[in-house]
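First, one chain by itself in structure tokens, the form predicted on its own.
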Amino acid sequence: MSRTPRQIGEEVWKTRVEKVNAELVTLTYGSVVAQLCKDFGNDYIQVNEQLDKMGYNIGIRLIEDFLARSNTSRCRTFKDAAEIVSKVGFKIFLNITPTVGNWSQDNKQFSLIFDENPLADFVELPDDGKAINELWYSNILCGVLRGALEMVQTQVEAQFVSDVLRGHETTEMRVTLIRILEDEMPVGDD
């Protein structure tokens, strides 16, 4: 009998992951975002881009750790990938399990709906009239997802469409499949 993604995530979280104090992660991430806001003069569009780039670089390295710990097989469909990301990936690294939903009719788009987001604990957005409309505080997660999936030949776009920090009822990330990448030989390697 094969294990469900939820069972895999729970098992890996309990037995194969070194635990780090969640408050330390939250406060460290908050310091990074605050410094980016300062460095870019509260140009939140630039801050979002930098968080995405940072996340992408993390994701392309994190996938190896994920594959080694989870021992999951290749996903056959984008729906399978969504379930693994939600129930195994987020569980292993953040101990959360966002809900997968809002699938498009062509099954190339879905949402991850976060009931909790440890990166946003203890956070208040700057009260400058701009941050509430422009800053996606947890945007690093979009980059992590893009980078990790690209390393397993799945190119996606990921972006937040709502965030409780902005006054919305939920925090929701929209993920869109761009294409499945083919294995390609580097130029000159015949």
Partner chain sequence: MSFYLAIIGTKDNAVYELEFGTYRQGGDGRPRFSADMKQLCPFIVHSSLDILEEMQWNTSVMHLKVIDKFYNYLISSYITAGNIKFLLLHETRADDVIRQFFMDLYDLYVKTLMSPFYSVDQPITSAVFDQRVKMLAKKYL
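Note that the structure is a prediction, hence the values are computed from the model and not measured. Residue numbers count along the first chain shown, from 1.
One more form of this protein should be noted, the form predicted together with the partner chain, which is absent from this view; the next part is about it.
Interface membership of L27, the partner chain in the predicted bound form, 4.5 Å heavy atom rule:
Taking the distances in the predicted bound form, the answer for L27 is yes, it comes within 4.5 Å of the partner chain.
N133: heavy atom within 4.5 Å of the partner chain in the predicted bound form?
Outside the cut-off, so no.
Would you check, heavy atoms only and a 4.5 Å threshold, whether V161 touches the partner chain in the predicted bound form?
It does not: once the partner chain is placed as it appears in the predicted bound form, V161 has no heavy atom within 4.5 Å of it.
Is there a heavy atom of V33 no more than 4.5 Å from a heavy atom of the partner chain in the predicted bound form?
Taking the distances in the predicted bound form, the answer for V33 is yes, it comes within 4.5 Å of the partner chain.
Any residue of 90-125 with a heavy atom within 4.5 Å of the partner chain in the predicted bound form counts; write them all down in order.
F122, V123, E124, L125 sit within 4.5 Å of the partner.
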